[in-house]
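For reference, the chain that follows is the form predicted on its own, supplied as C-alpha cells.
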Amino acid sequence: MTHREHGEILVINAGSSSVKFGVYEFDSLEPLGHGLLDWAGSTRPGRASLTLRPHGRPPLEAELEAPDYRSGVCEAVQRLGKAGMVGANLSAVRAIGHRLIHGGEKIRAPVIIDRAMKETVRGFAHLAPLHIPAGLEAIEACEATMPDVLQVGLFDTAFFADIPPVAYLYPVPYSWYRDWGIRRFGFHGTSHAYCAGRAAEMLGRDSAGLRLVICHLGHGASATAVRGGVAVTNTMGYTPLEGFMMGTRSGTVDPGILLHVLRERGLSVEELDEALHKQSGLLGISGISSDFRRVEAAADDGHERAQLALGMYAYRVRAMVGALAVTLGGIDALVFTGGIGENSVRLRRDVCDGLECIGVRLDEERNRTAGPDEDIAAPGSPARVLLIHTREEYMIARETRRMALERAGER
C-alpha cells in the first residue's frame, strides 16, 4: 500500500467496550483499512483482541496486553503503523478525527481538540460516564503517539439539535432545565445521520417527507425517529443510560426503583451508578456476558436466563420502535444498524415479530441471508426493512478533512 502525498486521516471511534479505527486517504476519502480493538471479545482479563483489515490484504488478528483504555489504544495505533495502514512510523497521518458523545447544548459542530476543549469535554463526563472518559483516553493516546497531529472531535448530540421542546423537555420542574440544563439530547447521532441519508438512497427517494425509525444496536443502543432527514427524537435522553436495555446499561427503568434502593436497600449513589451502567442490561439479566454474541450462543444451548435476556432485549426494542412510529404517523422504513443490528438474524426477526400493525413484514429468507446494504422486507410489506452498514468513521473522516482544510486556509 502506498501513502499518497497529502497523507491520511485516522478516525477513532471510542466506544464503551471497544474502539473502532478507520484510515482514509486525505484527498479522496477512499477507505484504506479498518480495525477493531475489543475488550469484550477477549477471553482474558487485561487483554483485548485487535483485528486489522487493510484494504486489499488479508485481515490481521492479535491479542494485546491492554490493562487500561489508553495503553490499549496506544498499542493498537502502533500496530496500525506496523501493518502498513498509516505508514510505518505514523508520519502519513495528517489529521485524526474522534467520535465524542456529548457536546451539551452549546457544542453543535465539529471542534479542534486542544487543552481547553479537552477540559470542556471532560465537564460532560458525568453525562456519559462510559464514553467521554474513553474518548478522552483515546485523544491522549494519540497525543502520546502523534503529538503534532491535528485532532478533531465530532459530537453525537449534534444530529439532534432540531428536536422540539415537547420532545426534549422532561416533565420535571422547569427550573431543572432553565438552571441546570436537564433535557433530552440523543446519541449515536453520527450513525443515525449516515443511515438517514443511506436509507433515502436505497429507497430511491428524496429525504423530504421520508419517515424512518433507525435502530442502532450495539453494546450501546438507541433508536431515532427521522422525518425529512431531520431527527424528531431519540430513545436516549439526558445521558446515554436512557432507552433500550444494552450490554451493561439498564436503559429506562422506573425512577421509583432508584429511590427505593437508595432509601430502603442501603445502596450508595456510587453503587447505584455502578449497577446501572456496568452491572445491568444483558450482563445483569443473563449473568453470562454483556456481549450479545455470547448471550445468543448460551441461549441456543438452552440457558434460560440468556433466553430471557434476549427476549427482554427484543421486547424493549420492539416497544420503542412502535412508540417512535406513532410520533411519525407511520413509517416508510425500519432500519437496523450497529454490531448487533447488522449481524443478529435472530434479533431482527424477534423485533419485527409483532410490528405488522405498523406495516413491517420481514422476509425470513432475506433476513437470514442478507448482508448490508439490503432491503429485507417481504415483497408486499408497506414499510421496508433496511439492513445498513453504518459508516460513522467515514462521516467523521469527511468532517475532519473539512476542518483540516479550513485550518490550513485551503477552503
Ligand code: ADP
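It should be emphasised that the depicted structure is a prediction, and the values quoted were computed from it without experimental measurement. All residue numbers refer to positions in the sequence shown, first residue = 1. Rigid core here is just the name for the largest C-alpha set that superposes within 1.5 Å across the two forms.
The discussion below concerns the form predicted together with this ligand, not included here.
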Self-check item: Heavy atom within 4.5 Å of this ligand in the model of the complex - the one residue of Phe292, Phe244, Phe160, Phe155 that qualifies
Solution: Phe292
Quiz prompt | The single option of Gly189, Gly339, Gly72, Gly281 touching this ligand in the model of the complex, heavy atom within 4.5 Å | solution = Gly339
Self-check item: 4.5 angstroms heavy atom contact with this ligand in the model of the complex for Gly218
Solution: yes
Quiz item: If you check in the model of the complex, is Asn367 within 4.5 Å of this ligand, heavy atoms only?
Solution: no
Practice problem: Although this ligand is absent from this view, report whether Asn343 comes within 4.5 Å of it in the model of the complex, heavy atoms only. | Solution: yes
Quiz item: Residues in which of 270-278, 232-240, 284-292, 327-335 have heavy atoms within 4.5 Å of this ligand in the model of the complex?
Solution: 284-292
Exercise. Align on the rigid core first; then say whether the Cα of Lys20 has moved by at least 2 Å between this form and the one not shown.
Key: yes
Exercise. Superpose on the rigid core, then tell me if the C-alpha of Arg249 is displaced by 2 angstroms or more between this form and the one not shown.
Key: no
